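Let's start with one chain on its own, the form predicted alone, as structure tokens.
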Amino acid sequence: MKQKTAYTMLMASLPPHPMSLWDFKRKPVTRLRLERQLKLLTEQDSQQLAAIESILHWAKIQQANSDAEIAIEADRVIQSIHNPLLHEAIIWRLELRIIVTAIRRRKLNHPPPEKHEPWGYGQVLPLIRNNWQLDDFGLSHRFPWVAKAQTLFAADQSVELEKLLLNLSWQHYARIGQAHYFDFEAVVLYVLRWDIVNRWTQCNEQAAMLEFEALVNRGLGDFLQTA
């Protein structure tokens, strides 16, 4: 089977992602079904997709031991990929992640990373280090969302921060994938967006559980006061 035909069959077999991430109440397709459809990819494509997921999906990143190892692996994967759009997709996400890591690190009163300290990937690393004292690390001109993320993090609004970051990634992948429907880029972006949906639905479920517990506690409080 020709690769182009395989990409077309694969993408046509999957439910399309809606414009808004918030329209999802549950995943449009299970990971099991997604994996089954991804078997249409060639061995080379499968390996490249797995490499990309290994540095962008949290569940797989957590298998690494340190920031240095993550940075080294990210560099290895990026150097092995020669597709400009996929390069952009990977580096954009890594830079988003390293900015959030810097916000968290500074809140813990840690000093800026040393010049040769391997703690992330991207052109933002020296900017962050040189502008450690600025709220937005001097990045707002390129990343307008940094100030809002800083505010949400400082206020411990973790759910709102997670929503902001997920939606940023969701919209970015939608934007760069507009001219790709039945090619390998479309497949990779679909899988990356599926991971975002997966995280959002899990986050939504956790928020619902917390709200339920709060309602129960409030109900018990009224009951105890009137007992």
Partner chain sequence: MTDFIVVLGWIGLYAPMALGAIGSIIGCATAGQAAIGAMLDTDSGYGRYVGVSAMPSSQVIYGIVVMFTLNRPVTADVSPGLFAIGVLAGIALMASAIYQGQCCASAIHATKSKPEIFGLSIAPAAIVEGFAVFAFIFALVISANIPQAVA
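What you see is a predicted model; the values in this text were computed from it and never measured. Numbering follows the first chain given and starts at 1.
From this point on, the text means the form predicted together with the partner chain, which you will not see here.
- Task: Would you point out which of 48-56, 195-203, 159-167, 33-41 contains residues with a non-hydrogen atom within 4.5 Å of the partner chain in the model of the complex?
- Result: Answer to the contact question: 33-41.
- Taking heavy atoms and a 4.5 Å cut-off, does residue 14 contact the partner chain in the model of the complex? Contact with the partner chain, yes.
- Message: Just checking whether residue 9 would be counted as a contact of the partner chain in the model of the complex - the rule being heavy atoms within 4.5 angstroms.
- Response: Answer yes; at least one heavy atom of residue 9 falls within 4.5 Å of the partner chain in the model of the complex.
- Item | 4.5 angstroms heavy atom contact with the partner chain in the model of the complex for residue 173 | Answer no; every heavy atom of residue 173 is more than 4.5 Å from the partner chain in the model of the complex.
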